[in-house]
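The form predicted on its own is given below as one chain in structure tokens.
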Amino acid sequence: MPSLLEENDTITRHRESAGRCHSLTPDAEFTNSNRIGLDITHILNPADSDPFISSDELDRFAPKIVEQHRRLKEGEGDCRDGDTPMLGWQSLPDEITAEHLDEIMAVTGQLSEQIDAFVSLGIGGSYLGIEATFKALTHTYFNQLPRKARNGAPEVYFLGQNTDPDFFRDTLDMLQGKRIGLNVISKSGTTTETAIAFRVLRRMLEDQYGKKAPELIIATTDPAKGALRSLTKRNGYQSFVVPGNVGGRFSVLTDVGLVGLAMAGIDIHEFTAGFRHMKERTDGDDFWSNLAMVHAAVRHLAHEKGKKVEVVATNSSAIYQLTRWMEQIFPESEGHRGFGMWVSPSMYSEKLHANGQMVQDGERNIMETFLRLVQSDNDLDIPIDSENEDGLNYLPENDRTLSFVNQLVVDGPAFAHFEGGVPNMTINIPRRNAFNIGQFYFMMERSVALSGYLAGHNPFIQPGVEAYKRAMFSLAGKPGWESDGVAIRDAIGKMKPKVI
């Protein structure tokens, strides 16, 4: 067992991944040892009498989802946003080139040498996937490490994902006195939260560096139009592209995600290879060999059987960030016309002491999905205590380490909740590397697209999200929205106020 004084293996892994020969085609030994698996034991087996979903039910359902899978791959069905089919994410893993990834690394490497801190500005799909991948693959306290331990990467911060002035100001305090570089991510350049953040940070850079400020700014935006593209052309920012046929929540493999990940020293070649590998694994139409189809089928049938909440739980604080990414992609893609399950991210065992009682004994409208990190970067011996007042000596006496206990944080609740009437499945993620995170994302993207097709709606648009924007713009007095603002204020004025 490593001494606590030896280097943290997360730091070692990060450094070694940056030193590897970047490849989009890992060898067979690597791919075989990094094979994500889907365990549906606690779906197919009976707890009391009948299984929640039987193998026969899935066999009968299989032709339906295979047909939707075929339509999705062939670009059929309700998949357009306006006139654009939003299916670019399907072909992207094969289309992205090593040369383009090298270009991103060259640009971010050059900027990295000039700055102490990098700020990624974006919201929703322009934020969640980047932060989730960053936190899944780096040290928990990345920004507090010396730069050498970060493998030369700058500190990484996120803004533009909310309008909380205290959070914003606290982040500015952390940036005080540091050389800052920015990547502003917005297709239009007019997204309120991100645009406000960009105004503030741009002014800071302009005040500090004057005419050299544009050299520290990257804009990731529409290739031809929009406010941010105009600003980019006028000021000469280095720029990357938000593709028109990939929705925000599916965009982590585009320049939207890759620029920030490269800046943090994450192997974007290996990340892309993970997408490619899972695409290959889930391209086939054999139901039982296709993780995405089985995953989508189980969730669809669970919803039909009355499950309205999906608790997505993990035993890894790093992997927990992926559950927050799922919290967007599934509700935003599925939540149409009364359909869809609410995704509730949970970090176990912490949440077992918070809402575990509800999961075990509450209303049976819950299903559960575990994201198990099979092998952590580090492990820790549990010391033997001569007095043993806490009764834990049985663990070290049987060579049980902290990693062993952490696996039980999945195994124990999975069985107990299953026995208590909560069907559950487990996605096994072998270890923390870019390849596995890429695999996971593509599996979930294909699964949620199939879910929308099965439900009979377009999973690539989000009309409900636009409602809050209309209300905010109107109440803020945005030019062109004044009449709507009057109507909303009149409606609010007719309500009987009751404040207690």
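From 1 onward, residues are counted along the sequence shown. Because the structure is a prediction, the values reported are computed rather than measured.
Below, we turn to the form predicted in complex with 5-phosphoarabinonic acid (PA5), even though it does not appear here.
Please identify the residue among 191, 321, 315, 369 with any heavy atom within 4.5 Å of 5-phosphoarabinonic acid (PA5) in the predicted complex.
That would be 191.
Would you kindly say which of 423, 124, 356, 181 lies with a heavy atom within 4.5 Å of 5-phosphoarabinonic acid (PA5) in the predicted complex?
Only one listed residue qualifies here, and that residue is 124.
Want to guess which of 66 to 74, 49 to 57, 434 to 442, 464 to 472 is within 4.5 Å of 5-phosphoarabinonic acid (PA5) in the predicted complex, heavy atoms only?
Every other range fails; the passing one is 464 to 472.
For the three residues 187, 249 and 332, which mark the spot I'm curious about, does each lie within 4.5 Å of 5-phosphoarabinonic acid (PA5) in the predicted complex through at least one heavy atom?
Yes: each residue has a heavy atom within 4.5 Å of the partner.
Is residue 393 a contact residue for 5-phosphoarabinonic acid (PA5) in the predicted complex, using a 4.5 Å heavy atom cut-off?
Close contact is absent here: in the predicted complex, residue 393 is far from 5-phosphoarabinonic acid (PA5), nothing within 4.5 Å, heavy atoms only.
Is the gap between residue 328 and 5-phosphoarabinonic acid (PA5) in the predicted complex 4.5 Å or less for some heavy atom pair?
Residue 328: contacts 5-phosphoarabinonic acid (PA5) in the predicted complex.
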